[in-house]
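Okay, so here's just one chain, in structure tokens, the form predicted alone.
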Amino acid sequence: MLKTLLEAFALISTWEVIIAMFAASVYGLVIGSLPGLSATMATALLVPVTFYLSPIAAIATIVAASSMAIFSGDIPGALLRIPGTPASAAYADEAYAMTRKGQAELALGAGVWFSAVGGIAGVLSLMILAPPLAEIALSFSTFEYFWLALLGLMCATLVARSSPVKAIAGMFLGLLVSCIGIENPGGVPRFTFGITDLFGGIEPIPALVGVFAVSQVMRAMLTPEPPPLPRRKFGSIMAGQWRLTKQYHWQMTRGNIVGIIIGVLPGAGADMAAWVSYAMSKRFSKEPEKFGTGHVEGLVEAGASNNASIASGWVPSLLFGIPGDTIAAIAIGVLYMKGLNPGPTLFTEKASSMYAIYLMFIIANILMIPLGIAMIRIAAYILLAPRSTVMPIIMLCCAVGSFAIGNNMFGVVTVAAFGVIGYVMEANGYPVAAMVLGIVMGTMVEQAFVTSLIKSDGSILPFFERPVAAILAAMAIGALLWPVMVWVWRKVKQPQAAAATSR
């Protein structure tokens, strides 16, 4: 283990990795602090840059930018009541109420401190959970992988904040997209319509860039410009944070645990972790009446939760190629591109690379404190950047990056098409995360299913005969039927409630 750790240190000690990590950290802080630009979009725009970096440097940029962007979304939320990222929306009102009370430093300090602590807790979960799970996963056959992938898809529909039916529809759309091309077990062209460019299928990365970046630009075009930030001088950002840590240590721990659990669930992510943790904080608080009036307790728990989910979301991604969230989905694409194919063998054959990822997460979260404080102090200047300047730059990055992926215009068209699809889906309440999960995991589900059928000579029974496969099958089928059971239960209860009211 010591030898592997020393090799990992050697991998991240190169100038390329250090510069890439620092630059990506600054970039993530800036993008996350601009209202409406998400951490996922920041990560997606980095993909073209990773083409020209070594594997470890490429992963370093994803790790650093995503961790920083999740935190810096708190800055416009606290100062303008406009969350920079969806994860910050859960407690933006609370943070803004603290600013109105003259406690902006305490609110922003809590954001940076508890985000860093939560991020390190998430890394520890990745280090503890991943190796033993990798040992178990080595005994998995295609039957277990099929049910595991299906369970991942079903979980994404269960945790969606919108209607489960809309989440399932989005997932099926993603599965349909993954069917395009000839890269299927039968080698038969599907949904190509005679277009040569479609024979290779739709690459996940251009689809992700379109859904998260281009659609965001389209939404920004239709929403009013946020109000200018009033000039003010900040006091000590970190003053009082140790007192808060001792006062709310249980809330911080609970937020870390919730973030880790939600991060492991496919398709959930930091925004879900923040919303759940803020709601739990209010539910179990001794002073629930103070929530909404500028009470720091909710910020402590939600801040600790959202960054913990970032690292723990890499557990299913590295082990099975199943993304824990949309950022991990982009990371999976980069891992494949750099020859670090996700799977349990990654922990045995390339153990030093895994330890390098752990170390990069820890370094990114430590860097978050000094860089986050600097970002808070210069936030007034960053937030002055007009949308009319920022949005064209983002579109240019999307176009250049999508062209660089395949050196043809088809990538640009793909990004534009998925930008429109993502915009229309979100405008009508369909979660794009479920569609992304379908695109990323569709090939895995199909290949595992077809390979298993070939092994079993067309019989379905072997899908349920192995103990682990049977347990995963029961969980996947339960997750599939759960929305139906909830709908039936509500339909049965409504007449009973109406009859009770009429009496």
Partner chain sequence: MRLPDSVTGSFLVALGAAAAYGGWILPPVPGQPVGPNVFPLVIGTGLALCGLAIVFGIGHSFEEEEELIPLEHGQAVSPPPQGKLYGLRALLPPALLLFYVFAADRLGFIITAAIMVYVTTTALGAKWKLALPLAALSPFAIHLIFGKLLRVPLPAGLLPTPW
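Residue numbers count along the first chain shown, from 1. Here the structure is a predicted model, which means the values were calculated and not measured.
FYI, the form predicted together with its partner chain isn't displayed, but the following is about it.
**Student:** With its partner chain left out here, work out from 26-34, 460-468, 447-455, 56-64 which stretch has heavy atoms within 4.5 Å of it in the predicted bound form.
**Tutor:** Only one stretch passes the 4.5 Å heavy-atom test: 447-455.
**Student:** Is residue 428 near its partner chain? Define near as a heavy atom within 4.5 Å, in the predicted bound form.
**Tutor:** Result yes; residue 428 sits at the interface with its partner chain in the predicted bound form.
**Student:** Considering non-hydrogen atoms and a 4.5 Å limit, does its partner chain approach residue 487 in the predicted bound form?
**Tutor:** Contact check for residue 487: yes, within 4.5 Å of its partner chain in the predicted bound form.
**Student:** Please check if residue 364 has a heavy atom lying within 4.5 Å of any heavy atom of its partner chain in the predicted bound form.
**Tutor:** Contact with its partner chain, no.
**Student:** So, residue 423 and its partner chain: in the predicted bound form, are they within 4.5 Å at any heavy atom pair?
**Tutor:** Judged by the heavy-atom cut-off of 4.5 Å, residue 423 is in contact with its partner chain in the predicted bound form.
**Student:** Has each of 163, 220 and 415 got a heavy atom lying within 4.5 angstroms of its partner chain in the predicted bound form?
**Tutor:** Affirmative, all three are within 4.5 Å.
**Student:** Its partner chain isn't shown here, but in the predicted bound form which of 195, 128, 239, 409 has a heavy atom within 4.5 Å of it?
**Tutor:** Contact residue from the list: 409.
**Student:** Identify which of 359, 395, 369, 257 has a heavy atom within 4.5 Å of its partner chain in the predicted bound form; exactly one of them does.
**Tutor:** Selected residue: 395.
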